[in-house]
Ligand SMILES: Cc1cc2nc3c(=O)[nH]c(=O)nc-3n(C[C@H](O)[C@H](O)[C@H](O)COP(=O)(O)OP(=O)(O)OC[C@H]3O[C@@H](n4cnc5c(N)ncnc54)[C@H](O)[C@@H]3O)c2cc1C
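Next up: just one chain, as structure tokens, the form predicted alone.
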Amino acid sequence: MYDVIVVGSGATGAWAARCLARPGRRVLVVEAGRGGDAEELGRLLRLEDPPGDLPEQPRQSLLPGYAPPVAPFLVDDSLNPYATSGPGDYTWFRSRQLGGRTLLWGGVTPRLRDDDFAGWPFTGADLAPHYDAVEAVLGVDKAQPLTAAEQALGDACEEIWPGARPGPRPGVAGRPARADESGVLWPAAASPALILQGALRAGVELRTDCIVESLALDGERVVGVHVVDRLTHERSTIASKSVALCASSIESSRILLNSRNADHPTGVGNSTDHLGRHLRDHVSFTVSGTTGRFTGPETRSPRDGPFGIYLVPPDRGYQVEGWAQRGPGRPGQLARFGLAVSAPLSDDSANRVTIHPQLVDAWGIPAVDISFGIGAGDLALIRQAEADVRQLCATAGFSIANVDRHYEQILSYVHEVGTARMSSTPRKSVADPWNRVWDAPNVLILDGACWPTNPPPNPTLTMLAIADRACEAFTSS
């Protein structure tokens, strides 16, 4: 029997395995997808098209930045269906292989601000030492100098919003490649080489092609996981004293909702009917164009890396991050820029994940129905943000050539959180302040599913800090 089974090998799964790895403790990481394929990873790193036909991906191909080299690292929609209902057609981007979506992660790692923790069961000060620990391991860079064009953008921000503090965009470099212990090269920000290999060296076990269907139950108690072999479709049960869910916000709730018996008739953690509720994402748009005042590039650092400018205009409710005067370009050519703006959704429990009554995936596991919409207030905020950014760019002398309003097409920014929120009281939540499911305290929810709100900053760093805090408490109890 295992002491802990960690479900998922992405960012939080790899981090949880690293934290839980202790002498004498048996820890197993189960990953629904395949292990690392050196040839496929090499093509991804070279941005080289894969041979043969691409997977069937009518939904996954809507991912911003989608291209043939990315396709093998997103699921086949025909094998992994889900339904949508409600006012909008939410697009759930999924990546099933060792490392999950970290293979495609941009590596941007801002911390939440103190006021972002309103409604959370702990404060920014409580999380600060865990942010420190995660940033040290990831090698987060917070001091890359701004280009002249980025500084001009920052100056314009301070002119429009006195008190604004624009600065370098914090992040983890995705390039050059990083090798794991077997010599396989991964994107440098991918969890297998960046985080997980340390846990494996400490004795953590790993099983790939192992899909978790539901939690194994003995009355009220969770005693392991029911799994399906991805290749053979064979079903089995793995016994464990505890389970850490790190499968992604929607998938972790799907597992909990599918875990039913007489003691948990609507799913583990659902005694208050809050499991699956409060799904949130960022409402986002991007702008790009030329700077007009500057030629470039000033620096050859990648435009799509973490380096650039980051700012949160005071009292506006959104964040702006991007780059200017970076990447390839000819001498004398006008410098280019790109900015991404993201704003949180207001609290809407109508945005909900449920189990579809008929739809199943290729392994016979009940699929989810995602009911999702963007409220009138959320649309008003993002439209005001676009007006603000247009003013910002005009003040800085930047000329916008393209605007991509992601929220009009896909209702997703790959920053989904919620569905199993944590709180100090079980009345309107699924997990306690230490990420333990109220109805099953030996189950931890360590990915974005536990978030009570979704503040503007990119969520991955905070997910890892939350997982670090929860695992520290778990191991000391």
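Residue numbers run from 1 along the displayed sequence. None of these values were measured; they are calculated from a predicted model.
Note that the form predicted together with the ligand isn't included here; everything after this is about it.
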Options 81 to 89, 210 to 218, 286 to 294, 137 to 145; stretch whose heavy atom lies within 4.5 Å of the ligand in the predicted bound form: 210 to 218
Sort through G33, P55, P426, P50 and report the residue having a heavy atom within 4.5 Å of the ligand in the predicted bound form. G33
L257, L194, L104, L127: which sits within 4.5 Å of the ligand in the predicted bound form by any heavy atom? L104
Taking heavy atoms and a 4.5 Å cut-off, does L311 contact the ligand in the predicted bound form? no
N351 within 4.5 Å of the ligand in the predicted bound form, heavy atoms: no
Although the ligand is absent from this view, report whether P459 comes within 4.5 Å of it in the predicted bound form, heavy atoms only. yes
V27 near the ligand in the predicted bound form, any heavy atom under 4.5 Å? no
At 4.5 angstroms, heavy atoms only, are C157, D281 and V389 all close to the ligand in the predicted bound form? no
Taking the ligand in the predicted bound form, which residues along 395 to 418 bring a heavy atom to within 4.5 Å of it? V414, H415
